[in-house]
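Only one chain comes next, encoded as structure tokens, the form predicted on its own.
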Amino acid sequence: MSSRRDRADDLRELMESEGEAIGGNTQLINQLTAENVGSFDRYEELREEARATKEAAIENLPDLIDRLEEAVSANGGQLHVAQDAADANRIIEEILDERGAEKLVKSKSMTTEELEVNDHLEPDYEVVETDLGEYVIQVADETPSHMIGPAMHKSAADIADLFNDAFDLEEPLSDDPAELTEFARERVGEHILDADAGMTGANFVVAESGSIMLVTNEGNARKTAVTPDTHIAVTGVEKVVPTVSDLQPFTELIARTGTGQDITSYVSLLSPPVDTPIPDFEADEFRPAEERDFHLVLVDNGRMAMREDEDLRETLYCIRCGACNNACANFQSLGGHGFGGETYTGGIGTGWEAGVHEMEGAGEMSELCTGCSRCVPKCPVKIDIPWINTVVQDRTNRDAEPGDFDFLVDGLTPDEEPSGLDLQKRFFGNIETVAKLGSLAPGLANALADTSLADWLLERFVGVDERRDLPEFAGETLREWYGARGPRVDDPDREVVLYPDLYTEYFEPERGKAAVRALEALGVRVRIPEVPESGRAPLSQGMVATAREQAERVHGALVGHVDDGRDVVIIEPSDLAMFRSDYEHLLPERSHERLAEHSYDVMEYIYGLLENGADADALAGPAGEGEGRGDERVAYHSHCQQRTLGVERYTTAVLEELGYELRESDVECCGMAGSFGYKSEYYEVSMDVGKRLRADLGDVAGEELVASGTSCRTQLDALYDRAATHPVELVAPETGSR
């Protein structure tokens, strides 16, 4: 309990100290990125090319490294392959010793952050960062908070205060960004002129030519590389690609996804040692280029093991654009310091930390991934980042030490997880069992849940924040209702299975009833069979074995219907995401494909029926009957996974066809994201994210408040203190009977 409270305190302090700057900067970049990518016709085509190039390069990595060594040597440089951080630092120090260097200037490089090069060298060498953000971080003695914006958590006023305190200035600096940039540029420039060696990273390394590609917006990297006579480039082995032509898709994508630019200010392709004369500023002359020295340090540090790891392997495709950081709603509130990690942070940071550092830090980071999946379409190389976070959670769960009483919990919970699993995860991962038990006596369960004792017990033992209202059990489940009612279409054009998701079945059967009425009004016969929970609940807790067992049961319950020609219609978007995306990791390929091909969002299915000639007049519109159905204006928040799947447009199309005046939210996520918003350590983060949704939608007086997802509706209920409606409830005709 105390660790949850400590975690909540730490996150609250970060939201207060860094949240405003991080939120403003990431959201601005998101806007720029969305505009740029939206007007770039080749985005998806280049993503495919980039993905294919990285897949092939990682597959053939040992051969590429051999070819690269030959090319670097032919150019006059030297290639070193460092097995770990200590090995890399030893190599770098030996190079500096041999050259008699005293001062090293560096351009931005996450790999050198991973190696902690500065900490290793600074006792014996003067090390100066030349990237503006890294320079700020170095002066502040902090760690980067963002993959490409290391000082993103600081405002201009913060930086002015920092410089005024750190330097003995005749006149204090103002918070004018131009003035601060000019000050830092002059300081850094003096160090570059005076340096004995320069260290850069490398965004990409070309095996055929030994060339390195540097992508920057400040120009400091090329100065660092060519001004001193010694150039050391340090980068991970995963950065190697076969040929120069392979760089094209990455050049087009990295700035668009990272900063919203067509291309960065500087794209440098060097084949070092470069053949330009060496400036000697003290002697006011140039020395011959032949005196240049180049060393390329390729770092393994766990990467070759990641290459053999089926689940972490995709991490090596990362091109470090930071788009997943910007897209993450929780990151927008907390920044990288909230996610933690020794070096890397945010979405893809979990995979990196698990691969190159310890699992402990990676496990804590993965807890902040809600699986909303909004980072997936933003990743230029199509990495399934939520799955990587899920895998890391699963491994962390399995590394936990069993407690004294775990044998009791093991016997009570029907999951496939080992002893030692956190009780909070076990509770949320087995929520179907809780729902089944509660629905046996819903009145009693609701009365018990509404007591302060229940609040205390749930918060004390499973970390459910008492500030959240628990959902109420319905007096009758959806299948009980349908079993008593039966189908109402005798001569159907189509027949479907309505998937009775957990919340629709036990807590909100009204939206299930509305789906049945809407489908029947369009001539569809509906069946509601007994089907287990999709596995979403355990998957969100990193309980992969349990989720797989659930997925297999769901497939077993539905595959016969699919074979008989029935489509599967789904109300809850997170379950649709399971069927279409997550089951790829949990079921055999053919089984996943069968379910994915025949599963539809309920509003997507209604849209399809209307497009194929069904009568829209059979549905309810703004003038439909029934309380609350007369509103013409709708404030709509679509589910994050619905948007990732690209099916949110069907809801807006149907509502607009029926005559509703619609406006939509534009935030990445509402912040609730299933169990995340119920957890006491993350409740305030969830509400902070929710505030952005509240600000985006604004005043909804006089409008129908509509959301597709259960968690979104729970969050909107809390934000507006009024109930939100599922879109299918707007279009379902009222029958006046069951």
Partner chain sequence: MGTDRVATFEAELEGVSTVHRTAAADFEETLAGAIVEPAVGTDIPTEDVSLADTPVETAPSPADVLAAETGVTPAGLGVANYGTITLPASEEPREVVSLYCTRHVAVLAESDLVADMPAAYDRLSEDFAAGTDTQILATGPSSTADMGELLRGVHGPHETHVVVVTDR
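Numbering follows the first chain given and starts at 1. All values derive from a computational prediction rather than experimental measurement.
FYI, the form predicted in complex with its partner chain isn't displayed, but the following is about it.
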### Message
Can you tell me which of 327 to 335, 501 to 509, 263 to 271, 610 to 618 lies within 4.5 Å of its partner chain in the predicted bound form, counting heavy atoms only?
### Response
263 to 271
### Task
Have a look at 141, 284, 530, 308 for me and say which one sits with a heavy atom within 4.5 Å of its partner chain in the predicted bound form.
284
### Query
Exactly one of 247, 71, 91, 557 has a non-hydrogen atom within 4.5 Å of its partner chain in the predicted bound form; which residue is it?
247
### Query
So, in the predicted bound form, is residue 251 in contact with its partner chain at a 4.5 angstroms heavy atom limit?
yes
#### Entry: Any non-hydrogen atom of residue 178 within 4.5 angstroms of its partner chain in the predicted bound form
yes
### Task
Could you confirm whether residue 489 comes within 4.5 Å of its partner chain in the predicted bound form, counting heavy atoms only?
no
### Query
Quick one: is residue 223 in contact with its partner chain in the predicted bound form, heavy atoms, 4.5 Å cut-off?
yes
### Query
in the predicted bound form, does each residue in the set 201, 297 and 357 place a non-hydrogen atom within 4.5 angstroms of its partner chain?
no
### Task
Scan 175 to 206 and write down, in order along the chain, each residue with a heavy atom lying within 4.5 Å of its partner chain in the predicted bound form.
177, 178, 180, 181, 184, 185, 188, 192, 193
